[in-house]
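Listed next as structure tokens is one chain, alone, in the form predicted on its own.
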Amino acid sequence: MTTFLISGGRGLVGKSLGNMLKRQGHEVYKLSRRPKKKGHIYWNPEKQRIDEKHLDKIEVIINLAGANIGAQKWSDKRKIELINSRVNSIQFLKQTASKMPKLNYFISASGINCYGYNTQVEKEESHEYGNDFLSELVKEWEIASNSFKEICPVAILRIALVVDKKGGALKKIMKPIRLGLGSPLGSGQQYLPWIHIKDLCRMFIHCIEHKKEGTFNAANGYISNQEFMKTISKKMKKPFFFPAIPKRILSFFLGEMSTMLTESLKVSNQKIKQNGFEFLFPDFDSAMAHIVKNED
């Protein structure tokens, strides 16, 4: 049994990963600003406060903390909040690590949108960061995570769009499709990297169990936006005939954030495969079949 500490544990990935670890017999603590359940530990990184009661048990930190990128438009103020919520929380965790004598591994979430967009090159982990805001955010995020190398081995997962029926972007996308309003976004030809929630959680556990170090693209693969939306509609047995929503419309409502939907990105997952990981869902069709089949 291993004792875990998860920051951002109440989010979509944190809940699924925490449950998977518990089913395997591990002990899981989650950091929370509003601890309400057994196993929740109070913290407030902005105020540099944390309940130290259980920290001496912690062996592995899983860092998922960070303000929701898609929650609101990216004003200059919001951009600072998005970066600080990631960087400052990691810096505070590192300060607190002195209270964790058993700590032997740190693994952090990161973003697949670090390479820039609209290139035909399939991006590998060795490629440079892009020049847009998301690239800057991920760069600062990963620098903070890698500072843990002074204490223990570090792994970083650059996470693609997480597909899960319980929340995240897919749940929002499925709403209009359920009403029969499925359509491509933007040109529909742009590529979108994605990962099934189960494979993502399994990837975290694989890295932890094998003490993998370095950065890994966390993506089952990538698919064109048109095929992405069409596949969801097909699996939900809903029509898919509406014209594409123009890029300028998405930009008007979402601002700079619309780039996550309208710009193209291809990524390679060969590195994690070469490190012994096997995906449950080899393609988006099988992933959506599983999600729709298991809808509540």
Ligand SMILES: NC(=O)c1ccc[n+]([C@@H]2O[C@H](COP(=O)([O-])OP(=O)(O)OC[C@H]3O[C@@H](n4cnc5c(N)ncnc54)[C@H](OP(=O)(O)O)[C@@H]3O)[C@@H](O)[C@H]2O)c1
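Position 1 is the first residue in the sequence shown; the rest follow in order. Everything numeric here is computed off the predicted structure, so don't read it as measured data.
Keep in mind that the form predicted in complex with this ligand is not shown, yet the notes after this line are about it.
**Q** My question is simply whether Lys47 lines the interface with this ligand in the model of the complex - judged by any non-hydrogen atom within 4.5 Å.
**A** No, Lys47 sits far enough from this ligand in the model of the complex that none of its heavy atoms falls within 4.5 Å.
**Q** Under a 4.5 Å heavy atom criterion, is Ile61 part of the interface with this ligand in the model of the complex?
**A** Outside the cut-off, so no.
**Q** Flag Lys37 as yes or no: does it have a non-hydrogen atom within 4.5 angstroms of any non-hydrogen atom of this ligand in the model of the complex?
**A** It does not: once this ligand is placed as it appears in the model of the complex, Lys37 has no heavy atom within 4.5 Å of it.
**Q** Taking any heavy atom pair closer than or equal to 4.5 Å as contact, tell me whether Gly11 reaches this ligand in the model of the complex.
**A** So Gly11 counts as contacting this ligand.
**Q** Among the candidate residues Thr215, Asn225, Ser183, Ser85, which is the single one with a non-hydrogen atom no more than 4.5 Å from this ligand in the model of the complex?
**A** By the 4.5 Å criterion, the partner-contacting residue is Ser85.
**Q** Could you check which residue among Cys207, Ala160, Ile156, Leu93 gets a heavy atom within 4.5 Å of this ligand in the model of the complex?
**A** If I apply the 4.5 Å criterion carefully, the residue I get is Ala160.
**Q** Using a 4.5 Å heavy atom cut-off, which of 228 to 236, 62 to 70, 241 to 249, 261 to 269 contacts this ligand in the model of the complex?
**A** One stretch meets the cut-off, namely 62 to 70.
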